[in-house]
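Next come structure tokens for two forms of one protein chain, structure 1 first, structure 2 second.
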Structure 1
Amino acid sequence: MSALDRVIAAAADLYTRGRAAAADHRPGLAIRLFRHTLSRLARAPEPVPDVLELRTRVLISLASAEAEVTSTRAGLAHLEVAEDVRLRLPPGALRSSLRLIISLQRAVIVMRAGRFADARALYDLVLPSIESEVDDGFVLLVRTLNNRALVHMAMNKPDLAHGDLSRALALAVEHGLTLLEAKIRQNLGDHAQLVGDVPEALRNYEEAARLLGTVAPGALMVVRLDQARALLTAGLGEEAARHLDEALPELRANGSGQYVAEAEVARAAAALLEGDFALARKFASAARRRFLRRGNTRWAEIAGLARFRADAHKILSTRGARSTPRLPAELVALAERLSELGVRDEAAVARLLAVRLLLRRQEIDEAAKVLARVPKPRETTPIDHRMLFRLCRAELAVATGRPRSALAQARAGLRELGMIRDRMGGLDLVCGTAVHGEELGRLAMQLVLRRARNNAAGARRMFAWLERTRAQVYRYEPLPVIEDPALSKHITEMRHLQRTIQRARAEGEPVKALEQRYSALQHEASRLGWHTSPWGRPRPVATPDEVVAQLGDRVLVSLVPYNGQLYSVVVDRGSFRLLKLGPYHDIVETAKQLHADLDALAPDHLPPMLAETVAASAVQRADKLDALISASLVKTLDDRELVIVPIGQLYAMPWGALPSLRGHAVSIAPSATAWITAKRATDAGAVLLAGGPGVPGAVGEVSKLRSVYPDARLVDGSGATSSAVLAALDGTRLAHLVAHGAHEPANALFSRLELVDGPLFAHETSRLANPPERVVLAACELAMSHIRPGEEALGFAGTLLASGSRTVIGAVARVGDRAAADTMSDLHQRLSDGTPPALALAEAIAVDPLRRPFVCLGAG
């Protein structure tokens, strides 16, 4: 081998490694390898065509990596040098082919800089030549179609984008171009997100991640960024933040400057959804500085908008706060710049934020002028932008004395939000979207509540709005589940891991690595659950007349906070009235204190003096809550059933502990619509008695309930596996479950019952074809719920209700073994006699309500 051949071979090896690093989204490493390649080529004794070709290709690749890490200008400069080197090649096919590649690389770089019209012109120019002149197994054609689709999406041309992506995907699959197939599927996810199909977007991202995991694992973090954006669309700020916190360190390590900055903008949006304005501003400011260094004006302005959003939301979320005149003026100026850059939706958001700040400053005429310049949302406008548009119109209507117009805007906005929600997949996605309509719903509630005092028609209207704005997840009729093998595999491994963790803890062994693996699996299972099958078919919101008809002789109270007070709309024998109950925060704080007292009082063998002291405290707090809430509600209740639609922390209220409600049948429902849905269930099927391991005392002896239910199916001991219990639950009329469990506030679908082979997850019960009609959770706190915006309450019990169970009885605080056993014995004796669940429970807990903090959820 000659000296020249050795130089070329060594340089080619370095170049190959550089391209692999670039494909794996490690541009920093790629730049180092490309520069080494150029240094090695500089040692070539003569500039033969092979050297010139390789040098041209290296410069083309270096241009892309430099543009990603340093700046657009730096990248384009390398392309100029590449063009000079190319022209030194002899005329022919190679020289012509390299000309096309340089043009395509220029298109990619200007596209990444946000100059989409320039990029599209370049792609349109070179595509015919690629199809007629290039014979490389369709690689360049597929890559170009894929990139042009990105430009079409950025220019809001979803149909053109889908055409390019479909053709590119067909070619990639046909010719085995796995890496390109992965990138196309990732872009199909972007396309689905653009047209508002979040489950389809997440499905495509997951498929892209599966492919990239084998051919370019470094690119997975970019998929995580895209997944986070889709989750933000679905209102899942916490989940999006988790994805971004996972991706950002690796993106930084890879030197992916553009992606780091984009991820920081998304992280700012996630922080904003979580109400952390300082963190949102910090991420947005960092992203803006990074984009400015890179010379990416378009993205720098978008990051600037994210920073202003944090400032504006901080002011707007503070009662009575007003901005300086400067902030709305800066937002309007930013909107002008964004419009000039062709970023229409973001320009609209900047103006809409200015409108809200101007209204807060009582500059109504100026706000109206700015709002008049905001165009109507397009088909592809994100749902949060649409809701902001409606909110601004509604707030302007209020400011100009047109409350009916404001309510019309709220009604239209919530209808749009409902249509988006109907397209969502998993239970989490259906729940999450409520956050986008939270402010609009709150404004509507304030308007109707002002008119509802001492006015039956106003109270009725108020009730209708409450049903329209809360717990929408419970009005879906679950659809048959499409089983996903990958999801099932993850659930099985999680079950095994949870069991292993418990054993390791018992034996004093380290569990950190096991817990990390469990957490990773939980995240993966959540991702799969978002798109493996649609959650359900929407049912209409119950009308006031329908609720009155279904209630019969019962009384329903729907709680709502307003201006620091807790109110209730009372529906009683066809009448609607609004009651002011008491200071909201005082009630919530006292309820928390009562909950803590009941936890402390739970152990069976508490020292008498301590038990007496804690009980006295609990009685005092229960009396206070009784005076604030229930005393006024029960004046005309007599012995009729009370249906309570609670809010927030009051989902965990032990209602039976309040003196006025002792012995009263009380049902807790997320909404009147949910209560009616539960009430319509049939009454058929067998009785299941299931007992998990390690439950001490009499409550764990489920077989004793055979004396009450002689024909019941018993699943306990070694036979109480997750699969056996899950199968037995399907189609059961009454299921009595005794097992340890855990409520997962961060991810309610993974709340769990502990069985002999590991946990049975709420996620699994949500997939039963025929969920149990009535469920009694005897020995744990699985009636607890995690409350999301829009009063979307989810937990183990909530998941059962959302899946179609009629009634779930469980504890909202700790329960001692003896108290639990006595409660269950009393409860089941009454249930077997035909007593309705809510009344049976009320009578069972009345003898010792402070030690029996059970509630009846759903239809009692």
Structure 2
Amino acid sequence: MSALDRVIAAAADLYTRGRAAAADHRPGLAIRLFRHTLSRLARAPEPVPDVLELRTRVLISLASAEAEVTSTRAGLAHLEVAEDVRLRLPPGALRSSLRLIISLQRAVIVMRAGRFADARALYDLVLPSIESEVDDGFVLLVRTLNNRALVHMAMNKPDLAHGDLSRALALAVEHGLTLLEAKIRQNLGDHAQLVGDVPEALRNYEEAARLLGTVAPGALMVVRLDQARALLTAGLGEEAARHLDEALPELRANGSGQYVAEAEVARAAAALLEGDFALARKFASAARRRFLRRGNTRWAEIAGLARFRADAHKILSTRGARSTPRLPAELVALAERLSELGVRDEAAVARLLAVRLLLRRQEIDEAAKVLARVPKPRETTPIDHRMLFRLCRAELAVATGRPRSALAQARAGLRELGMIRDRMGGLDLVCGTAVHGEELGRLAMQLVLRRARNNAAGARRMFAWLERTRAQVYRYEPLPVIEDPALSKHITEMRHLQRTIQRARAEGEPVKALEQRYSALQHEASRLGWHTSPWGRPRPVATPDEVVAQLGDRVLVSLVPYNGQLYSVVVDRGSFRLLKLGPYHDIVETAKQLHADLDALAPDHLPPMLAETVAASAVQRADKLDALISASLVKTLDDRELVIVPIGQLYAMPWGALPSLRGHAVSIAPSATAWITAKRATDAGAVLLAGGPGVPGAVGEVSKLRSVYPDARLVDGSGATSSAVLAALDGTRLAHLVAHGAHEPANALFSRLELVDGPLFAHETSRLANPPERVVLAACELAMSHIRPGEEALGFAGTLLASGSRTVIGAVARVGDRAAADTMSDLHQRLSDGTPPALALAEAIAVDPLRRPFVCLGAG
């Protein structure tokens, strides 16, 4: 081998390593390797075509990495040099194909810098030549189509983008170009997000992640960034934050400045969604500095908007706070700059925030003037921007004394939000969507409540609004689930791990590592649940007339806080009225204390002196809550059933423990619409009795129940595995489940019932084809809920209800083993006599209300 050959071989080897680093999203390392390659090539004794070609190629690759890490200008400068070197090659196919590649790289770099029109012109120019001249197994063609699609998307041309992506995907699959296929999938995800299809987006990202996992693990973190953005659209700030916190350190380590800064902008948005304004500001400022350093003006302005957003939201969420005159002025100026850069949606957001701040400052004319300059949303305008637009118009209407027009805006906005929700897959995405409509709903509520205090028509209108704004997740008729083997595998492992953790804990062994693994699996399983087909078919919101007709003799109360007071809309034999109950925060705090009292009182063997103290506290607090809430509700109740639509913390209220409700039939429903759906019960199917391990009272409880239900199917002992119980649940009329239970506060779908092979998760019950009609959960805590914005409450019992069960009886606190067994024996005796579930439960609770914290969810 000659000296020249040796130099070329060594340089080619370095170049390959550099490109691998670049493909793996490690531009910092790539730059070092490329520079190393160039200095190696400089040692070549003569500039033969091979050396010139390689130099050109290295410079082209270096340009991209340098643009990523240093600046656009630095990147383009390398391309100029590349062009010079290329021209020293003899004319021919190689020289002209390198010309194409240089043009394409230039297009990529100007695209990353936000100069889209320039990029598209470059692509349109070179595509015909690529198709006719290049013979490289379609790699370049696929890449170019993919990149032009990105430009189309940035220029808001989703149909053109989809055309390019579909063609590129077909070619990539056909010719086995796996890495490119992953990139196209990722872009198809971005495309789906652009047109508002979150499940489709998540499905594509998941596919991209699967492909990348084998060929380029470094690129995985960029997919995490995309997933986080989709989750933000779905309103899941906490989950988005988790994805970003996972991705950021790796992106930083890879030296990928552009992605780090983009991830920081997304992280700021997640913090804002969670109400952490300081953190949002911190991330947005960091991102802005990073973009400015890189010379990316467009993104720097977007990050600047994120920072102003944090400031504006902090002011707007504080009652009575006003901004300085400067902030709205700065937002308008930013909007001008964003418009010039062609960032239309963000420019609109900047103006809309200015409008809200101006309205707070009572500068109504100025606000109207700024709002008039905001163009109408387009098809691809993100949902949060649309809601903000509606909110501004509604707030302006309120400020100019046009409440009807404000309500019309709110109604239209919530309808748009509903259409987004209808397309969501998986219960938690359906739940999360509400966050974007929260403020609009609150504004509408305040408008109607002001007037509802005076007359019945007002109270009726108020009720209609409550139904429209809360617990929409219970409004869907679930569609059949397509089984996902990857998800089942994760859940099986979680089950096994949970059992291992409990054994280790019992032995006093460390569980930290196991718990970390468990939590990682839980996140992974959530992720897999998101991109399934739409969760369900929406049912219409029940009208007040329908509710009146369905209630018959029953009384329904829908709770709502307003101006620091708890109110209740009471629907009673066709009449609607608004009732003021008591100070909201006092009620919530007392309810929290009572809840803790009942938790503490639960153990069967609590030392008597301690039991006495705790019980005294519970009695005192139950009495106080009774005076504040239920005493006025029961005045005209007589023996009629009470249906309560709770709010926030009051979802965990042990209603049966309040003295004036003792022995009264009470059902809890997330909304009147949900209650009506649950009421349509049928009466077919078998009875199932199932028991998990480690519950001493279970044996007696189940054998007693066998005498009540002699034909019941029994699943217990070593046969009571999660799959056996799940299968047995399908299509039953009544299922009684005795086991240890645990509510998972942060991730309601993974609340669990402990069976012999590990837990059965709420997530799994949501996938039953025919959920059981009635379920009794003789376990701790399983009627508790995690409440998301918009009163979207979900827990183990809630998941069953949302999936189609009619009645679910469960505990809202911890419960003693013996206390539970006694309650159940009393309950089923009455149920088998034909007593309706709510009344049967009320009578069973009345024996010892503080130690029997069960509620009846759904149809009583």
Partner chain sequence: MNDIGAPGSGSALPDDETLLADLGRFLDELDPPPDDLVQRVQFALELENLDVEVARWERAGELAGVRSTATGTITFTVSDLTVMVNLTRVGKLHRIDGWLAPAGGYQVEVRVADEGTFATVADEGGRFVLENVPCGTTQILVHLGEGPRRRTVVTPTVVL
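Residue 1 is the first residue of structure 1, and the numbers go on in sequence order from there. Each form is matched to the other, and the largest set of C-alpha atoms that superpose within 1.5 Å is called the rigid core. Quick caveat, the model's predicted, so the values are computed rather than measured.
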Structure that is the form predicted in complex with its partner chain (1 or 2) = 2
Core-aligned, is the CA shift for residue 178 between structure 1 and structure 2 2 angstroms or more?
-> no
Once the two forms are fit on the core, has residue 500 moved its CA by at least 2 Å between structure 1 and structure 2?
-> yes
